[in-house]
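Before any questions on how it binds or moves, here is one chain, the form predicted alone, in structure tokens.
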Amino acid sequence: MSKLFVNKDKMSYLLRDLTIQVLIYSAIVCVSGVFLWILFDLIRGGSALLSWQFLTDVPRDAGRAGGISSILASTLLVLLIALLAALPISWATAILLTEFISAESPFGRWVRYSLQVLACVPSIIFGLFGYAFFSLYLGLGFSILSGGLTLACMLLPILVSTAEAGLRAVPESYRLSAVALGMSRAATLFHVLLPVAAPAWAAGLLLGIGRAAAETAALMFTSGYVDRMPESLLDSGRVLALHIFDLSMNVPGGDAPAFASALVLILLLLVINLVAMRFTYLWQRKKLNAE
């Protein structure tokens, strides 16, 4: 009888494990299927226009003809400004909250609560804030600089939260071992904690890039609609997401260029993700091998 009960329990555990595995793989298949469906739809609608000339030519006839070279330049500049402004502030904040401020301190709780509220703010509100503060108060107008700084404000909650989670996931034994070896806080941070937390920081960076590259509402009020090639950071510039929106909603006959532009945006994000993941892996391996 005891063996019978043991076998029943074993079968129950195996059935439970099998059910969980089926659910997990089903979720993976569903997510991958949605991505492949979107990608196939974009390839079907925009692959005919996708060419080197499309990438290097400027838009003409409200985007129906020509290419997206000026749109790509504006997009990359806005992304660069947003990351350069947001990364130092967010990563320094994460280090401060994790390594120098107690998790139960009033200041730490207030900062985390502020970041949680900031993460819930709609992008249109960030756009209005950017227009009022950067464009009007600081006098930057409708410019790439104004749009990039507005996106930097939007990226702060994502970057801080992921960086803090990555540092807190590092086992406490790493810190204690570093202290036992006489390492300073700075040496522990740069030689022990950051290499271990690098994948989480890279994941936050990729999430931030994805949100910034796909943003439309905030940049509508800050970077502007102009589709010519920007000559400086104070020039107005149209980003890819806003270009896709304008072609699909406001330009009759702009569906094919919109599909092609969307396909370029997806491919751009894929390339950025692959490069960032590869760079993070090499940097982490180099740091660990040097120890």
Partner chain sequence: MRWMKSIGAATIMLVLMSLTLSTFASSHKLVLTGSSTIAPLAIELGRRFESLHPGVRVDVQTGGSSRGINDTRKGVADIGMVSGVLKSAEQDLQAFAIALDGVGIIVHASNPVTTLTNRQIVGIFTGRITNWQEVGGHDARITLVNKAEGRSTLESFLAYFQLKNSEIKSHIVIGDNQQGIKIVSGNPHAIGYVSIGAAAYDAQRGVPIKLLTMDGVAATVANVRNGTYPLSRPLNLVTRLPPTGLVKQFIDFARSKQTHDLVEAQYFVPVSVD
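For clarity, every value in this text was computed on a predicted model and none was experimentally measured. Residue numbers count along the first chain shown, from 1.
Unshown form predicted together with its partner chain; subsequent notes refer to it.
**Q** Sort through 49-57, 36-44, 251-259, 22-30 and report the only stretch with a non-hydrogen atom within 4.5 Å of its partner chain in the model of the complex.
**A** Selected stretch: 251-259.
**Q** Using the partner position in the model of the complex, report whether Met220 sits within 4.5 Å of its partner chain, counting heavy atoms only.
**A** Yes.
**Q** Please tell me whether any heavy atom belonging to Gly139 falls inside 4.5 Å of a heavy atom of its partner chain, as the geometry stands in the model of the complex.
**A** Yes, Gly139 is a contact residue.
**Q** Can you check whether Ser236 is within 4.5 Å of its partner chain in the model of the complex, heavy atom basis?
**A** Yes - in the model of the complex, heavy atoms of Ser236 and its partner chain come within 4.5 Å of each other.
**Q** Is the gap between Phe133 and its partner chain in the model of the complex 4.5 Å or less for some heavy atom pair?
**A** Taking the distances in the model of the complex, the answer for Phe133 is no, it never comes within 4.5 Å of its partner chain.
**Q** If you apply a 4.5 angstroms heavy atom cut-off, which residues in 223-240 are near its partner chain in the model of the complex?
**A** Residues within 4.5 Å: Gly224, Tyr225, Val226, Asp227, Arg228, Glu231, Ser232, Leu234, Asp235, Ser236, Arg238.
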